[in-house]
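A single chain comes next, written as structure tokens; it is the form predicted on its own.
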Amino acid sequence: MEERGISKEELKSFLKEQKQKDLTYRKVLSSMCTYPHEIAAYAHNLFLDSNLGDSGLFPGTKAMEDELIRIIGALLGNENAHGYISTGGTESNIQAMRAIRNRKRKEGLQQMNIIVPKTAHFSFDKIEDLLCLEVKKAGLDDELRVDVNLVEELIDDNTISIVGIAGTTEFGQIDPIKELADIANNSDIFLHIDAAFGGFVIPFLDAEYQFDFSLDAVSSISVDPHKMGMSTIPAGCILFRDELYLADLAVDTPYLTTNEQCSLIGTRSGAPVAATYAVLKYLGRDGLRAIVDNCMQLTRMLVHGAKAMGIYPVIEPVMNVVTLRFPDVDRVAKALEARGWRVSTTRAPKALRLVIMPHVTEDTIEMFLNDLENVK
């Protein structure tokens, strides 16, 4: 750091130059994030100085968070759910597993494991390291959903949780949550649902899926408003059916305005909370449904166009995630990137992965299909 600061004009010029080096979302088909809604950006900027880590100083922001938990809980089958706005799915998944681990530790269990699908997000690899839990990965069925029979086979006396994914990161698939709930109920095991992506998609699909608190065995859910919820980054949410799980996460905070804190991080920005509150109140369910409907229409347009070229999806898209088969996926991905597209590939089976987020338009799909025809 220099002794004397630079001028505001010089700094603004530098910042603009750096921003121009970043990609816009215009040709990005690999990300589960998108441009935040303008009302979310407005609210975010208004609450930049709010710190929910010391929430007694910011009662207005805290009131919005409390209302948000009710709103998101109601969307996911339980308006009486308990939780807080996190930084995203990774923190939410960590906290869900930490809560049940802490409870079981109090009960005297020392060696513990959890069972997740092979398609689980890499946050569960972090969980294995951070929480010293063995993570068992169950195989998949032909539709790339977790095989419930394999889940049952992995359960032992040290299993404290099973996890289902509602909107897998790679394939956009929904695990058979009802069947997992039956296993959890029969085995008296904590069931966590990672709906980081699907939580703001599945409730608005034409097809109905049981995946949330409407199933009695579901203990916790993670969901990310900064994905299809159109909020600013970072905005996740962790919800519990039973408020006592928050007590399992709590630590004393004697020098703050609150006596305890259950969040993973200490200083916690209120800006994403305000952004999420603003956009959900502004859009309502009708607005969110319209966004999902548009993304699904464009998803069908992409799949139809690909099939017309003889290119087929690994599975028929359940939500706005498309995976396309190619003999040489890496070659196609590189050729598309050479034309300015940002795409990704799945692990197994190997495929081209495309996420149709709200920044994607019909023109985007038409341009992409034209380039795909030229590189396939």
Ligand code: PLP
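Each residue number is its position in the shown sequence, starting from 1. Remember, it's a predicted structure, so these values are computed and weren't measured experimentally.
If you look for the form predicted in complex with the ligand, you will not find it shown, but the lines that follow are about it.
K.L.:
Is there a non-hydrogen atom of G73 within 4.5 angstroms of a non-hydrogen atom of the ligand in the predicted bound form?
P.N.:
Output for G73 is no: heavy atoms all beyond 4.5 Å of the ligand.
K.L.:
With a cut-off of 4.5 Å between heavy atoms, is A196 one of the residues that contacts the ligand in the predicted bound form?
P.N.:
Looking in the predicted bound form, residue contacts with the ligand include A196, since a heavy atom lies within 4.5 Å.
K.L.:
State yes or no: in the predicted bound form, is some non-hydrogen atom of M32 no more than 4.5 angstroms from a non-hydrogen atom of the ligand?
P.N.:
Because a heavy atom of M32 falls inside 4.5 Å of the ligand in the predicted bound form, the answer is yes.
K.L.:
Taking 4.5 angstroms as the cut-off for heavy atoms, does I165 touch the ligand in the predicted bound form?
P.N.:
Output for I165 is yes: heavy atoms within 4.5 Å of the ligand.
K.L.:
Any idea which of 253-261, 135-143, 220-228, 175-183 reaches within 4.5 Å of the ligand in the predicted bound form, heavy atoms considered?
P.N.:
Result of the contact check: 220-228.
K.L.:
Quick one: from T232, N93, S161, T299, grab the residue that has a heavy atom within 4.5 Å of the ligand in the predicted bound form.
P.N.:
When the ligand is considered in the predicted bound form, the option within 4.5 Å is N93.
K.L.:
Only one of G83, P117, G270, G89 gets a heavy atom within 4.5 Å of the ligand in the predicted bound form. Which one?
P.N.:
Answer to the contact question: G89.
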